[in-house]
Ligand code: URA
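Okay, so here's just one chain, in structure tokens, the form predicted on its own.
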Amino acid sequence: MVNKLIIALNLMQERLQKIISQAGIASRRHAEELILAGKVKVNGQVVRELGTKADIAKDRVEVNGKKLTVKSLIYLMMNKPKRYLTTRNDPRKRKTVFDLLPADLRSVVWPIGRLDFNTEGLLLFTNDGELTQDLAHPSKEHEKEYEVVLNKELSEGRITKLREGMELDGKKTAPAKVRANGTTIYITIHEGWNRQVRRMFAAFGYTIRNLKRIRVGKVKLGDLPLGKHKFITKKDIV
């Protein structure tokens, strides 16, 4: 059962914006806006100070009149197959990664980041707004590693360009970590530009035959079967 696998939220005093974010109500930035707008109450009193703290186990915290309750935080990893969208619903009725999750999880968790339609590999899910924001923030420079199979071997000069940073649509990419094994390239980046890896190799005139994400931060895809998921902990991620 899911309830036996989820990780309990620590019960302690936290800043209100963090509590709201962890409850999945809003991002931390939006939570700050709600506080400043007088939409948050603690024990019946409207609070407008961003430094206000509360203990969700003892204090009554309300957002827009709705009481927040202690919830369990969920973390899981999936080996996404190709031809699945990283979205909850698709107007064209194509398959999504949520079709691969049990029904009792589909409305509870969301993906951290995306993998495009024809990319496979590691995708993380959670209901932890705080972690989602942390992993998505560019300043944190969380690494993402990809296995790229090309149509031909990558020249040393182009490997050097990737390692030093290259021009891409008028912007320079951050230096990447690169190692090559014939036509298979392992590249690690920390930026989150749209379709970045594909665009980098396309700029060199190469065709990607297969693209797989094999690591996000500390989490490695390992031997998780394609289309399957498993529960992990927050410590596995950061």
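This structure is a prediction, so every number in the text was calculated from the model and none was measured. Residue numbers run from 1 along the displayed sequence.
Another form, the form predicted in complex with this ligand, is not on view; read the next lines as being about it.
Proximity to this ligand in the predicted bound form (heavy atom, within 4.5 Å), stretch among 96 to 104, 111 to 119, 152 to 160, 131 to 139: One stretch meets the cut-off, namely 111 to 119.
Proximity of Y146 to this ligand in the predicted bound form, heavy atoms at 4.5 Å: Contact check for Y146: yes, within 4.5 Å of this ligand in the predicted bound form.
I35 within 4.5 Å of this ligand in the predicted bound form, heavy atoms: Output for I35 is no: heavy atoms all beyond 4.5 Å of this ligand.
4.5 Å heavy atom contact, K66 and this ligand in the predicted bound form: Contact check for K66: no, nothing within 4.5 Å of this ligand in the predicted bound form.
Non-hydrogen atom contact R195 with this ligand in the predicted bound form at 4.5 angstroms: Taking the distances in the predicted bound form, the answer for R195 is yes, it comes within 4.5 Å of this ligand.
One residue of V61, I185, A176, L211 in contact with this ligand, assessed in the predicted bound form (non-hydrogen atom, 4.5 angstroms): Selected residue: L211.
Within 81 to 96, the residues that have a heavy atom no more than 4.5 Å from this ligand in the predicted bound form: Nothing in the stretch sits within 4.5 Å of the partner.
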